[in-house]
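One chain comes next, on its own, written as structure tokens: the form predicted alone.
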């Protein structure tokens, strides 16, 4: 196969070429369009992966049913976030929060971020995945601090420090996996290849694999925002541009979960190792409960939804830790539904903040009266993320809870309690923001609702009917997880 002509290679070449072009172009309006078109081209390449023959394992790049799920989600939200960012950042330029040079920098770094996330998902080499995730982390650090305010720089620095600690732990875990594999398969790339690691895991030192997975879970768990490794996430959401918040919640957290899953597959292939599931379920349940309780104390709208992201990442980690065909299927479905819904919510929040000129919930109110279309769109988004029917989050949460009740009713009860606590917080804030007397600025919204409407339509469609082809695809991906 000629890799230079494959969609997998295109998903790397398009964004890196766009980044180089954007860094050289001084015209911010043109750079915004180039960013959108490059993201669209990457999404088209991701769609082509569904019909293009898969890349043979053993190369630097491999494609299977599991990473195609992540790649398609990555490319779709990358495109819609670039489309939303075009109008949102233009508004930030008008209000003086950003300069034309900042936009040029933002668009170039955006494409580097997309390239590195795609590389982390596509590579068949564990070490190269670590490098890609590290570069993606550095790119988001730069984007979080783009406003250059004291708060934004503090949030970026906090993210950098905690993210570096997490990525260092992940590096140590990756090195231990390599050392365990080297004794059986020899040195070189073969000892870092996913296919080789999985097929030979039974011959590795189980004690070394156990220690490695603990470090990997803690390291990539920091990137995923799992409690108690989550402290960077609320600040990064609150102080960074809203499109970055959508990328963080919709994509970057999934990237860390993907890394954990790849190593979980290796650990599961060795029957002498400890079970990875209980550790993931523990972190998942703790994340759900802590985040649900913290929702009641948030007064900043972006911090509020940051904790909601922590809760849902906890649900995803719990589902994958539970394991089995149904739980893995539910975990993949919930990850997809949460990414689409939460990024759509952040797009909507971006509209609200640009209109009200504040992120304080106390200064936002009566949206359904002052801005009916935006207000009712926000209501629909809250209903979707709260897991109400007929939205797709209801379907995925129902499957997670059903699988938990079949395997461990006590843990299922704890999960349901966490979901009910968060449901109360969501509707409490919904009442404050969407209903009552209008508060704050009455400036009309000039930005398009198209990106969030696309996301909401997809989540609604998935809640009503899941095509057999999609269900079969997710089932195949779930089987890869063991």
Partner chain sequence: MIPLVPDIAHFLAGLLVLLSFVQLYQSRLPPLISIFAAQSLALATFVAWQAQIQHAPHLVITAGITLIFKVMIIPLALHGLIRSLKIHRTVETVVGIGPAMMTGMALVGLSMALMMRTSAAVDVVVREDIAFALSVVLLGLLMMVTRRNAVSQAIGFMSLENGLVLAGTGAKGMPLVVEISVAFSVLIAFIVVGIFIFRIRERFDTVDIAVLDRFRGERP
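Residue numbers count along the first chain shown, from 1. In this text the structure is predicted, and so the values were computed from the model without any measurement.
Only in words, not in the display: the form predicted together with its partner chain, which the text now covers.
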Worksheet item: Taking 4.5 angstroms as the cut-off for heavy atoms, does residue 195 touch its partner chain in the predicted complex?
Response: no
Discussion item. Check residue 127 for me: does it contact its partner chain in the predicted complex (non-hydrogen atoms, 4.5 angstroms)?
Written reply: yes
Item to complete: Indicate whether residue 188 is a 4.5 Å heavy atom neighbour of its partner chain in the predicted complex.
Response: yes
Worksheet item: Is residue 134 a contact residue for its partner chain in the predicted complex, using a 4.5 Å heavy atom cut-off?
Response: yes
Worksheet, complete the sentence: Exactly one listed stretch (326-334, 160-168, 404-412, 343-351) reaches within 4.5 angstroms of its partner chain in the predicted complex by non-hydrogen atoms, and it is 160-168
Worksheet item: Which listed residue (142, 399, 98, 386) meets the criterion of a heavy atom within 4.5 Å of its partner chain in the predicted complex?
Response: 142
Worksheet entry | Candidate from 90, 274, 369, 175 lying within 4.5 Å of its partner chain in the predicted complex - any heavy atom | 175
Worksheet entry | Those residues of 287-312 which, in the predicted complex, come within 4.5 Å of its partner chain by heavy atom | 297, 298, 299, 300, 303
